[in-house]
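Have a look below at one chain only, the form predicted alone, in structure tokens format.
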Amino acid sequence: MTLVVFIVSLLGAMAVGVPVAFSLMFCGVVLMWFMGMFNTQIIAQNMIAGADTFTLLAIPFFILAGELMNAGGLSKRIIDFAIACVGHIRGGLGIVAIMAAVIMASISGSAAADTAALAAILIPMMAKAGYNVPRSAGLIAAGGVIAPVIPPSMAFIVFGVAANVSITQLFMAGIVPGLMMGIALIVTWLIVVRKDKVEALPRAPMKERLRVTGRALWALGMPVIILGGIKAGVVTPTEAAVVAAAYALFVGMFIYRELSPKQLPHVILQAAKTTAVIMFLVCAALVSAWLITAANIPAEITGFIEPLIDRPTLLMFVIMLVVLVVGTALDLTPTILILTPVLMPIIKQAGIDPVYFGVLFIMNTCIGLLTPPVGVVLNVVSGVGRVPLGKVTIGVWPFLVAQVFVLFILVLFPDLVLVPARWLH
């Protein structure tokens, strides 16, 4: 019965338009009332304890790094570098979009920020070159959701805190799946772009390539510093976030000189707004998470899927399908915070590696950013690229299918995640 109360109160609150964070708090209050243990101190204590976590400090600093990267010209130089390398290939601007998305993902970890930067620069270029605009917008949206999978990833940080899983291990485990997502998008793009009569960009002479590469070196060095520092044990993920923000600030102001002191208050304010939304969600979700455990809801769910406990691959298939459906209605962070405390006890009971599950779970929630009706990244591309949302939704389908294909390949072959992760770690 507690499971029914949890689902009805949560979905009911969201259905009438209550923001997700307040819906989570309302759900917690209803559960407390149902179990006869209503106490406002439980809400306050869990919210404060949720925010008082050193690991979560990585979130505001990675968000700030992403904002500084876009304002300071790092994103633009990464795209210029990709154009110089592969822009002359037929369909090359699509490859540029994915190549730049992967590089930028290894810097900021924000799907919305990376997608906005790519859409603003590349959609006008692709339209001018004769590419199908809705399909191009769909590709850029699909490339943008790689950001939370390739480290550094704010989604991995939130999941790691909620599930008590090593964030460093999650970071290392996300590299190969993220690259696989990028490769799948490039292959799909090269198949579908054959229908378009497009003009390839002229091949950049070697002198120009060297010049563009030289200008982009400072930007390209950022992921090396972040991931190299974590891998070498010099910095923790939280400390790496601080280094990333400081590095982006230094390069934007003193190397590229595109970030002026006058812009800093706006950049910091934007990062603070995004941080406030995410942190409030985390705090509210931890109230629900505590009550989910107290109400023993995972045990109720385990009772329904008990026949699958001894068949981990089939269990993963079922869970991934459920998460795909949930992702159509919820944004990335709420999905992580609502489902993690419910699913983790089941995952542990089935003997599934929590790091492996975490990577696939985050991949799945990222795919949810591409699915209507919520489709946050679709809305970003539509707004920034000035392409109607309906057309973007149609254009993204081939790439959405490619991402789901990669997800289920990894369900069937977990060693593709675990073996490289152990080697990298």
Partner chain sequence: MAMQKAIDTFYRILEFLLIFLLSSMAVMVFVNVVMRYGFNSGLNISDELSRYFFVWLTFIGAVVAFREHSHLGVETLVMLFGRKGRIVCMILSNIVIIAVSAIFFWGTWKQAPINASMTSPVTKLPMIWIYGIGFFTGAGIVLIALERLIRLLTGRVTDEEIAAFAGENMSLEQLSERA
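Residue numbers count along the first chain shown, from 1. It should be emphasised that the depicted structure is a prediction, and the values quoted were computed from it without experimental measurement.
Not pictured, yet referred to below: the form predicted together with its partner chain.
Residues within 4.5 angstroms of its partner chain in the predicted complex, judged by any non-hydrogen atom, belong to 105-113 and to none of the other stretches in 105-113, 135-143, 218-226, 203-211. For the candidate spot formed by V4, I7 and V323, no residue has a non-hydrogen atom within 4.5 angstroms of its partner chain in the predicted complex. Although the partner is absent from this view, G130 stays clear of its partner chain in the predicted complex, with no non-hydrogen atom inside 4.5 angstroms. Under a 4.5 angstroms non-hydrogen atom cutoff, its partner chain in the predicted complex has P334 among its neighbouring residues.
For F280, a non-hydrogen atom is located within 4.5 Å of its partner chain in the predicted complex, even though that partner is not displayed. Among residues of the shown chain, F413 is not one whose heavy atoms approach its partner chain to within 4.5 Å in the predicted complex. Contact with its partner chain in the predicted complex, defined as a heavy atom within 4.5 Å, holds for exactly one of L343, L179, L330, I305, namely L330.
Residue L369 is the only one of L400, L369, V387, L31 with a heavy atom lying within 4.5 Å of its partner chain in the predicted complex. Contacts to its partner chain in the predicted complex (heavy atom within 4.5 Å) from stretch 261-279: P265, H266, I268, L269, Q270, A271, A272, K273, T274, T275, A276, V277, I278, M279.
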